[in-house]
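One chain comes next, on its own, written out as structure tokens in the form predicted on its own.
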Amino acid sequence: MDANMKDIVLKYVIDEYLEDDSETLTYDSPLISGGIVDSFSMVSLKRFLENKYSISIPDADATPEAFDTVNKICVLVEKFAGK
């Protein structure tokens, strides 16, 4: 998995969805189940990923489980980046 991609996704989540920097996020922090990313935010995150990596993520694959950690998001992106 591309470490650079992980850092880009993590930075986006921190910049867009955290109120302050007091919370430390890791690649395995629960984003959706942890209440950091909600369903509306997930849509904007999906759009960001599609634009950044020139991919299309089908709605059926854009599940809360697939978007729950930075690591899972990167697995999802890589799945469609090779197509």
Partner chain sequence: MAYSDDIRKMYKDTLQGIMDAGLFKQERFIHSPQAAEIDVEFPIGAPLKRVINICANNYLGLSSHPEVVKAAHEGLDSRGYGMSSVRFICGCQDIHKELEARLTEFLGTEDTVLFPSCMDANAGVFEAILTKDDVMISDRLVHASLIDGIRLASALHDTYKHNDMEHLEQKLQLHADKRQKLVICDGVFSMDGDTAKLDEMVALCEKYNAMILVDDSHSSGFIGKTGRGTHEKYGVMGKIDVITTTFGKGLGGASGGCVSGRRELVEMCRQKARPYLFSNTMAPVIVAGVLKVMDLIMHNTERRDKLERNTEFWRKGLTEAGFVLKDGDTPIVPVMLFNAKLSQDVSRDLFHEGVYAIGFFFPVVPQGAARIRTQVSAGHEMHHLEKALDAFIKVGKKYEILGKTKAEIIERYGN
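A quick note: this is a predicted structure, and the numbers were derived from the prediction, not measured. Positions refer to the first chain, counted from 1.
Just so it is clear, the following notes concern the form predicted in complex with its partner chain, a form of the same protein that is not shown.
K.L.:
Between the options E23, E16, D61, E65, which residue brings a heavy atom to within 4.5 Å of its partner chain in the model of the complex?
P.N.:
Result of the distance check: E16.
K.L.:
Using the partner position in the model of the complex, report whether N51 sits within 4.5 Å of its partner chain, counting heavy atoms only.
P.N.:
Heavy-atom contact with its partner chain at 4.5 Å: present for N51.
K.L.:
Is there a non-hydrogen atom of S56 within 4.5 angstroms of a non-hydrogen atom of its partner chain in the model of the complex?
P.N.:
The answer is no: S56 has no heavy atom within 4.5 Å of its partner chain.
K.L.:
Going by a heavy atom distance of 4.5 Å, is S33 a contact of its partner chain in the model of the complex?
P.N.:
No, S33 stays farther than 4.5 Å from its partner chain in the model of the complex.
K.L.:
Can you name the residues of 42-77 that have a non-hydrogen atom within 4.5 angstroms of its partner chain in the model of the complex?
P.N.:
V43, S44, R47, F48, N51 sit within 4.5 Å of the partner.
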